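One chain follows as structure tokens, the form predicted alone.
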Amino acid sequence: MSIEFGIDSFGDLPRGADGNVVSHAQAIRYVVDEAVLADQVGIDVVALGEHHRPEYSISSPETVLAGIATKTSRIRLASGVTVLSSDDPVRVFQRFATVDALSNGRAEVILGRGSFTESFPLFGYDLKDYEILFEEKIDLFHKLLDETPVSWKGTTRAALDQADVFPKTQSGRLTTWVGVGGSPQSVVRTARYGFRLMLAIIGGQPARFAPYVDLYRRATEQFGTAALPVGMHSPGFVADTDEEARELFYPGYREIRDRIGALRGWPPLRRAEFDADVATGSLYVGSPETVARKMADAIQALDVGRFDLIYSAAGTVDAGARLHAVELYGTKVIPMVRDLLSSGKLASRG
């Protein structure tokens, strides 16, 4: 099976050469530099997530992707995710069709409901409408993808009557995924619309998501939609050695995880818990050899067609180390994973 590899970022604020955390503006520029390098070292996709919190610099993924489009030639440009519930489907389509034009057809969108909810009050939406907002807006977005005049009526935005939306995409169809964190209903809905499924696996053993992959494939068969490749994305970090990767990654990861965890009722992260997730869970932290072996195991266990590494999840890691992580991922990790999967070396382990 052909496997694609991507990198994900929310525009986390790294430390600059002086050791200080950089500004949001500089963090965005660093993401562009990292994407340019990713294009050069053979990474297939860069996906940028939408957040509205002080720890992250990217609130408008498609704007940053448009900048990347003009500096790259082959890498595909995706959101990871676009919070459709608190946005307007027409404007989302228009913005990504514009990125598609700037990149000569390389744009993709990953839609999501949003595991963070800051965008809802920011843009005037009530969290009690969390479910209906996404249900209606994904239905409208699905209609817009046909790139023909649309008639639609719902309760969360103005109705449309034979509205034609511009610009059109280069190919006539914008590649669309739905990011899912573990809801069976979301998996079934993704299959019903014929969208690609991207699993957000940020903790625990990846194999526990196998039932969702199976559910997606069974649902597409029942709905008569195409059984498209499933993707997964998980946090991680690559350095020259296992020890270096863990020591670079852990402080910033713990800081952000505890800050968010305090809002969600999670206990503080313990080092033993971190080490366990690196060893057997969903943190892909280590040398190229370690990360490649673990990625190959997860890809094989879930039978996915795409793996995206959230390479900047360590937050305040040094910007130079982060750039080096992208380089190692493209030049060493990805070739190793392809070799492991194609040679049968995983199955032959004693």
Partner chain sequence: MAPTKIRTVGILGAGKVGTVLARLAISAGYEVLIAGSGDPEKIALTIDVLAPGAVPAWPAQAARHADLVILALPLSKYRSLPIDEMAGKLVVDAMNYWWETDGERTDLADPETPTSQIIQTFLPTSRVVKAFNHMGYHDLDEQARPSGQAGRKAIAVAGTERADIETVEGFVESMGFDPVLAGSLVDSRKLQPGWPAFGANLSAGELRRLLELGPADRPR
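Positions refer to the first chain, counted from 1. Remember, predicted model here, so these are calculated numbers, not experimental data.
From this point on, the text means the form predicted together with its partner chain, which you will not see here.
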Does each of D33, L122 and Y125 have at least one heavy atom within 4.5 Å of its partner chain in the predicted complex? no
Work out which of the listed stretches, 140-148, 70-78, 259-267, 155-163, brings a heavy atom within 4.5 angstroms of its partner chain in the predicted complex. 259-267
Just checking whether V188 would be counted as a contact of its partner chain in the predicted complex - the rule being heavy atoms within 4.5 angstroms. yes
Does T175 make contact with its partner chain in the predicted complex, using a 4.5 Å heavy atom cut-off? no
Taking its partner chain as it sits in the predicted complex, is F116 near enough to touch it, meaning that at least one heavy atom pair lies within 4.5 angstroms? yes
In the predicted complex, F274 touching its partner chain (heavy atom, 4.5 Å): no
Identify which of Q94, S183, Q170, T241 has a heavy atom within 4.5 Å of its partner chain in the predicted complex; exactly one of them does. S183
Contact with its partner chain in the predicted complex, heavy atom within 4.5 Å, among P229, G105, P251, G204 goes to G204
With its partner chain taken in the predicted complex, which residues across 203-228 come within 4.5 angstroms through any non-hydrogen atom? G203, G204, Q205, R208, F209, P211, Y212, D214, L215, R218, A219, Q222
